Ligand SMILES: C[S@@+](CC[C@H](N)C(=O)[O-])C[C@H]1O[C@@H](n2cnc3c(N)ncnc32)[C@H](O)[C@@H]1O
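Before any questions on how it binds or moves, here is one chain, the form predicted alone, in structure tokens.
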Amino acid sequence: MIPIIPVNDAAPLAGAATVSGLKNPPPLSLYIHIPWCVKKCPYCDFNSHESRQEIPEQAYVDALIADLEQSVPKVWGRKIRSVFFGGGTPSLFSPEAIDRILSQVRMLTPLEYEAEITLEANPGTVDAAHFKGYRDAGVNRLSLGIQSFDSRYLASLGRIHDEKQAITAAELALATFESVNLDVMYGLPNQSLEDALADAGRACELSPSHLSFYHLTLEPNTPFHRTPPSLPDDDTSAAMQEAIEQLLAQHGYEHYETSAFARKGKRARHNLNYWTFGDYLGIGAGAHSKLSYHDRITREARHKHPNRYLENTAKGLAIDSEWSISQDELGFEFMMNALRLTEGFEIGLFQLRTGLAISKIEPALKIAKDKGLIEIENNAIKPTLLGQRFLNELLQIFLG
């Protein structure tokens, strides 16, 4: 029998919602999308565009600020707990542009004191002056897209940096910022287990506060999907994942989410807000938002193409589409995020974030538990090791 917590028993999560709606809004983060990059990687399906002409930096910053001004009434009075500049390649923008954006964020919203402010950077687009400028603007966490420390694999991925630039950029970031994340990929074209472990070992030697290890996937509508490279087989990829996780654990990294590893106290606050089904306001071309109200949870999508975004934002029409998440979809959307956490979540969090009783997904929970994909104990639900390995199969159960 699956333990179901009555509403009045969810004491550890004060302010729990009722099935008739959300009592209190969840934490709120701000995502800022910079859509340009030097070169589109063949595996990338993000909303990014090669900068074949000069980037309209000033005009785009103007649009971001206008977008934020138009959006503030929807989140009026709610504190921003984290800010994340994603892309594309945000490090193509000057420190002055980032400073102007953050200055307006502080002017227009109640940004939390010591909020986590992350900027994504590409090793091929940064130098010491840029890093110092970003730090002075208020960026206190850098996420560096290393992908590999081996020039052979970087070339196969279409990256614009080489092994030397990867190491130099990582060392420079670590000397400039207190919190640094390195993105690394495995399961690369023709990659051996030994080479994947060598990348992990090099990342551990650098000793950043946070590491993200992603398995290369062939996403639809990408060159790699149309013309697939030769990738390691499933058994080799699984061996890579297991060996990398063991190595990172030996170096003191906590594996707290499917692809995320952190030193104690250095988990990514922005991403944790996503994974615990918090709210986020997304501004910029193609950015998405999730916003909770007392009677509904909505999603928004901005215009994807930069030119269309610039044109429409000037008219006060940055949002391309907006819709409410149905009650039937809420259970899956919550679990799609929360089950990425290796430690799982308190059962009361489901009701707190969705406004629904946990009984809404009880049949699916029972199926997942019977298949050995989740554990339910001590008022918490978490994926088993099997559930972590077969996360997509686990999530399919909640689609029903």
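Residue positions are given as counts along the sequence shown, with the first one as 1. Treat the numbers as computed from the prediction; the structure is a model and nothing was measured.
In what follows, reference is made to the form predicted in complex with this ligand, a form of this protein that is not presented.
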Is the gap between Thr118 and this ligand in the predicted complex 4.5 Å or less for some heavy atom pair? no
Taking heavy atoms only, is Tyr293 within 4.5 angstroms of this ligand in the predicted complex?
no
(message) Since only the chain is shown here, I'm wondering whether His215 would be in contact with this ligand in the predicted complex (any heavy atom pair within 4.5 Å).
(response) yes
_With a cut-off of 4.5 Å between heavy atoms, is Cys44 one of the residues that contacts this ligand in the predicted complex?_
yes
If we test each of Arg159, Arg81, His210, His130 for a heavy atom within 4.5 Å of this ligand in the predicted complex, the one that passes is Arg159
In the predicted complex, the residue from Gly87, Pro232, Gly282, Pro306 with a non-hydrogen atom within 4.5 Å of this ligand is Gly87
Here the chain appears without its partner; judged in the predicted complex, the stretch of 102 to 110, 201 to 209, 240 to 248, 181 to 189 with heavy atoms within 4.5 Å of this ligand is 181 to 189
Across 138 to 177, the residues having a non-hydrogen atom within 4.5 Å of this ligand in the predicted complex turn out to be Gly145, Gln147, Arg159
